[in-house]
Every structure is written in structure tokens, then in C-alpha cells.
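First, one chain by itself in C-alpha cells, the form predicted on its own.
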Amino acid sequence: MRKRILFVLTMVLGWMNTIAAEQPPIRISTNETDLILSVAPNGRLYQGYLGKRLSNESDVANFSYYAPAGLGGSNTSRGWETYPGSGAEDYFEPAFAITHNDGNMTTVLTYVSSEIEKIDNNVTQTIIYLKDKVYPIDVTLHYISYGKENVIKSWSEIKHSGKKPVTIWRYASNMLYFENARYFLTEFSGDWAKEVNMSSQELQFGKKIIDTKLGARAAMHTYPFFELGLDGIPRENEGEVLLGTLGWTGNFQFTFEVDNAGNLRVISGINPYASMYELKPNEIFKTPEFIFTLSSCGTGKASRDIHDWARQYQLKDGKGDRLTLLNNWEATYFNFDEKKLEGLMKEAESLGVDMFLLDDGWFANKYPRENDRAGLGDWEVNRSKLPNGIPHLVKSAAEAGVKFGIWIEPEMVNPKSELLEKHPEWAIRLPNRETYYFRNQLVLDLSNPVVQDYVFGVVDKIMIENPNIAYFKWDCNSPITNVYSPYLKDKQNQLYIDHVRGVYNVFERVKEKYPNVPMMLCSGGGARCDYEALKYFTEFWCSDNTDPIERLYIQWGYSHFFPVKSMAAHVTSWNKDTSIKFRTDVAMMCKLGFDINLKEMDEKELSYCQNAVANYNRMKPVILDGDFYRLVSPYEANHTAVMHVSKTKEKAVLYAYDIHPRYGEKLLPVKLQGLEPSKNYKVEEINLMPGTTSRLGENDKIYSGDYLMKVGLKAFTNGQINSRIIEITQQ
């Protein structure tokens, strides 16, 4: 009997060694980065290398049978396994965990095969098939690499072919390893009206976890992206840094684990909290996309790579234009009628923007939407406010010379609504406890296909009746509370996942039927800001906080991962201690809009805004599609500066802001970036208040790009809350 067992083991080991010997390393590459995976003699897949792209193809073969030093050599079964399961010999956090039907909680995945598909000259997909030889579990790893953008995105697909359902309780999208002397994490945290605060820390032995448990408005306290410095705290223009982000609107989790050997594992994916998932036979569980870029030139280069990738491949209408707008909210709040709105439409036209946006308060009759305590869910036009309905408003906007957009929040319901009276089972809430209302509302249960149909129908009905609607602002003001789904019944552990999948299903249906309608992703501010949702939205609302000083920090933070054409910024009456010029100059950094009562402005202020809109429209190609450079951080100075540079380097826009300079503070010149050193550029300050002239000493002068980047411009002042926008034109 013993000889027979030894014979079988010898045959298995021989089979695994044959696979390893026949399978060369799998190379996943961009123009600048290599991720190399290898099949070891034990038949399992390991990360051999992640770093700068290797110059010689022959060097890739050196990663055959790779196992990290100090872990037992090339024949070990321990090492940097690409997608390690739970319960085997690896003592650290697994990427995947399952409870089999016999109660066993161990998974060992071995390599089966792989394939590489060249999608085009720039994009390549690598698919790797793994399986457990003891249990009928299959895992497929997907990697898509974008050559010139230097971005890789990855996800996993899990299925089993057993006769009964199994339970999976870890299901990472991706796992990466690093072997450096030290590791520094920059994370982004905050709350309503104080989003994306940046902080850095050194990672020490053990685990650092960034996660959220808020459901479908998941990014309210922490955000689904991070920066990892591999040779120091992430810096703007130097050093090796990895930027990573997860495309998932629900609960996410990043785990950073420094092991006993001083190596780092980074695991990214859905937060498994309260989410043990019952996987049916042959059902495919697809994890969210993890997107990353590795830069050897600091975070600025990494950001520009992600911006280019997003505009080209991920963001809805990423290469298209964006509409400037006037929103009615601050001018009217809930108190409006047709006459008021028609007057605002004419103001929008006089301002020079493209569109008038009608915000909250236009719907519900039995429980009129006069405040945020009633009406959500009842998406019929309020007849007392708007007796002629939305078609009349669309027509009035067209007559005024602007397009018409509208606000909706179709995933939510107020307790005072006809919808909840008719369908109490459609809301997520506990059947046996007192209901807690966040912002006087509940979340509709999007795990329920019937509710998905209803939410899609809200948009569909509006569009069928008003095919000329040009824009939707889609809001989501509550996280999931009272966590119980009447639809899922005994499968409550699937609510967090199935609900988000339901949200995406609705988004997909809307995009499929109305592919050309621009849409803003809003969530009581920036609580939704992920690249899966942005497949369906042209832009997102960064924060309800439109105080321009705070926005300088908020927009600085988001710019690390999102192109400015995806970041909506409005001029409002927040912080009236700042001038209308300062507020407008801050919003012009991104996708420009106005949400302000124009009647509060004097003649000069209104004239200034009209001129600013004209300047913005003229420079849209540079602002929306140019390269973005962060020059002076508000975290490090009493000033901040950023700039856009066109892809041809023929045009640039510099934004310089004095926040709170100290008395007699020494002012340093702002050194520009991204220009052509050998070309000459004219420097001209724009967006001046009527009756004023530029105090920029270099105004209307011509300098070489080399001079502007090495010597710079004296763009800052000692004044409090000042701003300058400087147009730079190649001569």
C-alpha cells in the first residue's frame, strides 16, 4: 500500500514538474511596467517580478520557477502566490477562501493554462486558468494591460462544478507583492463636506486595512484608491510609487500586510464583511476591477497616466465635450414655480453656459417635495409647482437658448411617499426593530429585479416623455442602514453584493438605451467615485462643500486618480468672504458649473462671470483633455498652483491661488511643467475683474519653455484669498 501511495505521489509531482518545465513565465506588460508570473514545480502560480519593464526579452526567462529568497528555494510550496487560497501552508491573508460541502475550508489552486489576446496595438488581455485538483473549483485571472498609458487592470472569476452550492468568504480582485526596504502608504479619508483628506504613514509589520461598510454610498469616510511609496513617502515628481483603485461602488477593502521577512502584500477587492456568498453550481462570481499604475517619476506621472487611460477607455464619453451649466438650487431651493425657472433659464443663457439644471423639489403630489422629508419615490411632476410638466420646461429652455437637465434620486424612498405605502417590501429595513432613517429616507432594495425595473423606469419614463432632456444629475444621499432585504430572505449575507450588482444593472440598462445622455454621479457629495460607476457617468460631484478654499484641497486630492473633465465644480455662495473671482477661478480648474443666485451679483461681478465662461469655453480642449500638473501643494504652503498643458504643448493654463499667506512671507516663483523647452511662450493673465489690469510682472512677455520650467513665474502674492489664471501660448 505504501509503495502504491509513493508511486501516485511521484506521478503527480512529475506531472506538476512537466507543466512548470513547459510553461514559460507569463509576462503582463505596458510600455513601462512588467508584471511577471511563473509556474513553480509544484504547479502553482507565483509573482516573480513587478517593476520597471525589462529591456531584454531573454531576461524574462530568469523568472522561471521563481520563489522569493528566504522561503525555501524554488521547490518550495510557500512564496508569492498570485492568488493564494486559505487553509494551506501560507500563514498570511489569503486572496480566496471557501467552505466546501464537506466542511473543508482549504483551497490549493494549480495552473491549468493561459492565453494572451492582442486586442489592438496598445491593449493586451492575459487570461490565466487555475483549478483545485481536489475540489471542483476553478478560478480565472484576467489582466488587461494598456501599453502607452502604463495601466494594468485585473479581476478574478470564480466558479465551481459541484452538485450543491458552496460558500465563498474571501474573493479578492488582485494580490500584489513588493520587496523593498520600507513602504509608505498615502490614504484618502474624510466625511460629508470634507472629502479626500490626504495622510501618509509608514507601513510596519502586520496589517493595515482600509475598508468601508456603508453599502452603496460606500466612499463617505474613506475612498477606493491609495498611493504606495516604494522608496519613501509618495512625492509628486520623483520616486517609485504605485497608484491603485478599485472599481466598486459598494463595500471595498484594501489590506496591506508586511510579513515577517519585511515583504509587503497588497490585497484589493470587495470587503467580505457580512458577505459570505452562496455560489451556485456553474455560477460565475466576477470580482471588481482593480486598476493600477507603477511610476518611477512620482505621483504626478502616475496621475497623468491614469487620466489618459480613463479618458480613452473607462469614463463615459471620455473623449467628448462637457456641458457648462447653471443649477437652480441655491437660487430657489425647494421654493420655485414655472415662472421662476423660466427666468433662471434666461439668466443661464445670458451667463453663456450650455444648460439649465433643475435640482431637487420638482416631483410628488400626495406628499409634495417641499423639503427632504417627503416625496422621494413618487416621480410624477408636482402639478402645483409645474402645471405644464417637464415638457414645458424643456421647451422653455430651448426658447431661452440653453439645454435642460434634471435631478433624480431614484434609488431612495421617503417614509412619507406613495411608493412606500404601496410597496413597503421594496425598502431595505429590518422587520423586527425600530427603523433608523438617514436623512429622512431609506434605500430601495436593488437586489430585487422588480425594484431594478422600477428604478430604470424612473429614467425611462422621463426620457420617453422628454426625449430632448440633455442631462441627469443622479443623486444618492444615504448609505445602507437597517440592513435587511425582504427579497433575499435567508440569504442576507449576499445583500451588500447583490444590491450593488443591481445598481450596476440599472446603470447598464440606462446607458444601453440612452448612450449619449450626459450624467453626473452624485452622492451627497463625493461618496461615489469609482471607475466602475464612471463607465456610466460622464462626471461626478466631488463634494457638497463648494467653499473655494476647501475645494482647493478636495480637487487636489481627487486629481490624483481622476481627470478634471470627470470632476464637477460649481461656483456657489459658500464662503462669501471670498470674491466671485476666486470662487470662479477655483471651479474653472475642473468641469465648470454655477449654482448661485445671479441677482446677488453686481454688474461687474456678472460681467466677470460672463467673461470667465467665455474664456473657459475657449480653453476647454486644454482644460478637459490636456495633461494635468500639480505644482504647489496646499498641504505644504499657504498657496497652491496647478496647470493644464495641451497634448501638443502649444497651449497651457496656469492657476495660482493665495490662500492665507503670512505677513511678509517670502514668495517663491512657480516653476511650470510639461512645456517644450526649446519653444517660446507668451504669458498673459486672463479672468480679470472689469476695470482692473494684471499685476503679474511678466504679463504679455515671452519666455522659453526652458525658462518657465527652470526659473518660473512670480504668480503668488501676499494678499489673502487671491487667484490668478494665466494663459500660456506657444509663439
Ligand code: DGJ
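From 1 onward, residues are counted along the sequence shown. Note that the structure is predicted; figures quoted are calculated from it, not measured.
Only in words, not in the display: the form predicted in complex with the named molecule, which the text now covers.
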| item | value |
| --- | --- |
| The named molecule in the model of the complex: contacting segment from 419-427, 86-94, 247-255, 357-365, heavy atom within 4.5 Å | 357-365 |
| Distance check, W541 to the named molecule in the model of the complex, heavy atom within 4.5 Å | yes |
| In the model of the complex, N477 touching the named molecule (heavy atom, 4.5 Å) | yes |
| Contact test in the model of the complex: G524 vs the named molecule, heavy atoms, 4.5 Å | yes |
| Any non-hydrogen atom of H644 within 4.5 angstroms of the named molecule in the model of the complex | no |
| Proximity to the named molecule in the model of the complex, single hit among Y608, Y135, W329, Y487 (heavy atom within 4.5 Å) | W329 |
| In the model of the complex, the one of F438, W407, W556, F336 near the named molecule [non-hydrogen atom within 4.5 angstroms] | W407 |
